[in-house]
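Okay, so here's just one chain, in structure tokens, the form predicted alone.
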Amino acid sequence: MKKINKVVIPIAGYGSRMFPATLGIVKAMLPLVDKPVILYLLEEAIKADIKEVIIVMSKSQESVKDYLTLKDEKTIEKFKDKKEVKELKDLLAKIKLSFVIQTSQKGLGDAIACCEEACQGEDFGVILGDNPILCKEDIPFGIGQLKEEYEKNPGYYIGVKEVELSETKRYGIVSGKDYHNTTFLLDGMVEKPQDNPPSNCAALGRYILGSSVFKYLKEITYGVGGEIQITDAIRIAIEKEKVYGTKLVGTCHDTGNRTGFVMANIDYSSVRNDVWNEIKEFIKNNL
């Protein structure tokens, strides 16, 4: 049985929608309650039994690597008995991390192209660095949900959610005859359609891509926004291979913009017994 063992997490973008915070902090390190976004993504990968995470970062983001490799040994040693420090060390011990440098920020397609050598000819997953998913049920979600589908029927998989038609211009939008089903075969994909979207199913930050995607990425040029778009490579895959959309469970958050970041903090607070009662009271009394 074919399996997915590797996941790529691209974080090298500028995070311009979250300026001025991201002029000094990598977007993936912004906290949801008290943990950086990237830890939630690693937890998702671990829950899906992924063996290795490949983090695509820029040269200026060494702070992320320092954090995930526990480089600050003095501080770690000083607080080694704190529950939070133990939990962080335990989490990071469960997965192999590797790091790839994206030399210039030319889009998601370019970030994935940087990982060709690291993926070693295997099919692999992708979790976008600013799209955590909160699932309040104990079921496969996010990359785990796509991995489960892939292992039953190998192919490309795009995690999607139905959005309002007015919001389709913000996303890659997929099309397929049976898009009302949970998993359906795609016949097209358009990046940020400004009118006449083919459906209201938007790609929301989870992919399983075949190793052939690296060949398709070499066939495309700059697309929407002047970037190398993974959507354009997936369109080639749709013509030549089986590409599916799977509707994601849970709440997909976009922490790369202000409102999404605040909403994600409220949602993640709601599952934390240590903070939620006070926050709920504050909202009730003040908002």
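What you are looking at is a predicted structure, and each value in this text was computed from that prediction instead of being measured. A residue's number is simply how far along the shown sequence it sits, counting from 1.
The form predicted in complex with 1-O-phosphono-alpha-D-glucopyranose is left out here; the points below concern that form.
- Of the listed positions (Phe124, Tyr171, Phe141, Tyr156), a single one reaches within 4.5 angstroms of 1-O-phosphono-alpha-D-glucopyranose by any non-hydrogen atom in the model of the complex, namely Tyr171.
- Think of it this way: in the model of the complex, 1-O-phosphono-alpha-D-glucopyranose has a heavy atom of just one of Thr183, Gln102, Asn131, Asn200 within 4.5 Å, and the residue is Asn131.
- Across the options 32 to 40, 52 to 60, 242 to 250, 229 to 237, residues that bring heavy atoms within 4.5 Å of 1-O-phosphono-alpha-D-glucopyranose in the model of the complex belong to 229 to 237.
- Not displayed here, 1-O-phosphono-alpha-D-glucopyranose is kept clear of Lys161 by more than 4.5 Å at the level of heavy atoms in the model of the complex.
- Among heavy atoms of Leu108, some come within 4.5 Å of 1-O-phosphono-alpha-D-glucopyranose in the model of the complex.
- Taking the partner from elsewhere, Arg17 is found to have a heavy atom lying within 4.5 Å of 1-O-phosphono-alpha-D-glucopyranose in the model of the complex.
- The closest heavy atom approach of Glu149 to 1-O-phosphono-alpha-D-glucopyranose in the model of the complex falls outside 4.5 Å.
- Contacts to 1-O-phosphono-alpha-D-glucopyranose in the model of the complex (heavy atom within 4.5 Å) from stretch 179 to 217: Glu191, Lys192, Ala203, Leu204, Gly205, Tyr207.
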